[in-house]
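Taken one at a time, structure 1 and structure 2 that follow are two forms of one protein chain, written as structure tokens.
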Structure 1
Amino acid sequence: MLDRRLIRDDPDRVIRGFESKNVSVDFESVVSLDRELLENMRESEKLKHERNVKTEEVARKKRAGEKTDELHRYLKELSQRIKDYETKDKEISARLEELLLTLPNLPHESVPIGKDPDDNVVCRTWGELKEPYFDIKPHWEIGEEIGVLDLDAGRKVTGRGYIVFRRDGALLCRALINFMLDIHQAQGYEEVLVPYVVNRNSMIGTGQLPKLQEDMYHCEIDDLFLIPTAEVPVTNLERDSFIPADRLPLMYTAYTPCFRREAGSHGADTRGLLRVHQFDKVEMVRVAYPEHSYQELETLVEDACEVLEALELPYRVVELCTGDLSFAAAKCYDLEVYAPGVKKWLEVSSCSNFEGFQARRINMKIKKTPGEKHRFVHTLNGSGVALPRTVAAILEHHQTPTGRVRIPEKLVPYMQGKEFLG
């Protein structure tokens, strides 16, 4: 949620931020309601002041033995008028809150201006893109040939976009999860195991609702949502809290399955593991001092890169332009691995700084010390990393001419010593 003081003091900056994100919002109604609320509160305060003055006058007249019937009638009228203003305050505040939840975060000043992914900036690359000397098969083809993927079974059990991993494919997923969690624990993250369903307040807190509700799986009976990412439950662990300064930065990592309807993905490439509705992911969440959050973002990116380098997967770090930023992000880097079978760069991680946007929605502040005011923390999260496209890249990049797939050396101990799939 945006800072109301910023909306009041510098509306032009807010409008420029929305324009750079290529979003259309009802900002005029927000400004109008906020102005109406302030005016209503001022009038209410005036009446409360007048009530205090008249109450003191009643006391003086009583002490002097004078009549106070007329003053009592006027005080009763004042109290009713104040009550009417307070009722109106609640109505305006509710409407304003509803609109504020629809406003996206503003891009950080360092984010490149652009309209779409074509304007994103490649910051750096790692690894060598070798020219293949044999025909590399796409992951869905090699995966089914060596018996680790069963796409037909996923469609039969549930539908399109659901995958069954078999034999060493299931082992590979389990190995990757444990491998990533071990790396992040060594980096200093606290591992947590969190619920896979969350309440509406949690989804609102991290920005999935109301904007992205159509992409979420919703259980209407209980009004609970399957999580689209571990970011939601992990960030909400600190909801409605005052965090002591000496605890910052907080660093959490968690494995969860993730569930996304992908309602807006019509026409997108959905073959194999490129776009699925249920997938596994290891997530990193950081809660930081505002002054340190952009340094924390760079560290978050490096922590995710360590995983990809250990898996021997060529990757690139891409800084998203303003028009490609998510609803809640102020700045974001995508990590993309190269998959030679489909000849594409595949996003396996997004590392984002939300600044105080989520913290305002979930009321997460730094515990003040004498002489200080309460301040909202900055929240960050990044995938470390998502499995489906990582598995796709492993099946393609580490494919051999003999039709087998080599297991990266550092992953072998997690694969019960197996060095190849197939």
Structure 2
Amino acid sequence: MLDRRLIRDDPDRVIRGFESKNVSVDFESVVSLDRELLENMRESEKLKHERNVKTEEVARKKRAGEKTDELHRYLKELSQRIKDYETKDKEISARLEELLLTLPNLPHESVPIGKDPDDNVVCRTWGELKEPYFDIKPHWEIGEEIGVLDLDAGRKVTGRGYIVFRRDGALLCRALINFMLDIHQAQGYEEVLVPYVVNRNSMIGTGQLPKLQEDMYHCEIDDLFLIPTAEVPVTNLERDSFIPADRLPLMYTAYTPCFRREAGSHGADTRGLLRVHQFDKVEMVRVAYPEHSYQELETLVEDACEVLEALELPYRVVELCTGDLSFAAAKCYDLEVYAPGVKKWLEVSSCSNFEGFQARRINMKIKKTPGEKHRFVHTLNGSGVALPRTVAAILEHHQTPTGRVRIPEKLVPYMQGKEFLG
């Protein structure tokens, strides 16, 4: 949700933001509805004030034993007029609210202008992309050969895009989750275990709804949604609350499975583990002081990088351009690992600052100190990191010419001491 005052005071800036983000929204309606709402409100407030005054007069007269019939008649009519205004108010508010929820966040001024992923900016690259001296197999091939991946079983049990890991593959996933959680705990994050199913308000709060409903698995009977990321339950932990300034920043880490219908993205990069409907992910969420949020975004990225470095996987940090930013983000860095088997950079983490966009929807404020006004917190999150593509990168990058897969040193203790998969 954008700041209502910004919409009122500087609509041009909002429009410029939308343009740079390459989205077309019905902003004119928002502005005119807002104006209409204010006007309506002023009129009805005048009448309500009159009613309050006259109603007191009735009470006074009654006590004095005077007649109030005439006032009653007048006030009845006045109340009817107020009711009309209120009906109109509800109507406009509802329409406005609906529209406001569909308006995306504005990019931060530091975000590079651009229209699609080609305009994203590579900030830095870590690790050696050494020329392979043997023919590296794509992860689905090596994975099935050494018996850690079973794509057929996944298709049978559920359908395309659902994966079965076997033996060391299953162990690897479990190991990665613990490994990542341990790293983030050491970085200062508080571990939480949260529901994988959330209600509608939570989904609206973080911005998945109403726009992205098509991408969500929805349980109609209960009106509950499978989470597409831990961001949803974790960020919503502090919905409708005032957070004391000295508790900020809040830092949470959580493992959850994630469910995404991926409607409309069939065909592209869908082989093996590249794009699946259910995957595991360890997430980091921060709730920050507004003045510190961009600094915190940088350290959040570093925290995610630490995972990839510990796994000895070459990666790069990409800053998304305005046109590639997601709905709720004001600024976002993607982390991409290199997978030499498919010869692609795979996005395994997305670290974003949402500024006050989610906080306004979630109603999460900083507890005010005397003399200060209530302010919304800033929220951030980043994957640290998503598993399937990381597993793909491990299967490819740590592949040996003899068809084995080496387990990164730091992960070995989590793998029951094994140094190779399979």
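Residue positions are counted from 1 along structure 1's sequence. Keep in mind it's a predicted model, so treat the numbers as computed, not measured. So that the term is clear: the rigid core is the largest set of C-alpha atoms that superpose within 1.5 Å between two forms.
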#### Entry: Structure that is the form predicted alone (1 or 2)
1
## Note on the structure
Among His72, Ile146, Thr87, Arg275, the hinge of the rigid-body rotation between structure 1 and structure 2 is at Thr87
### Query
How far, in degrees, does the smaller rigid part rotate relative to the larger one between structure 1 and structure 2?
23
### Task
Superpose the two forms on the rigid core, then give the C-alpha shift of Thr68 between structure 1 and structure 2 in Å.
6.9
### Cα shift between structure 1 and structure 2 at Ser79, which is computed once both forms share a superposed rigid core (Å)
2.7
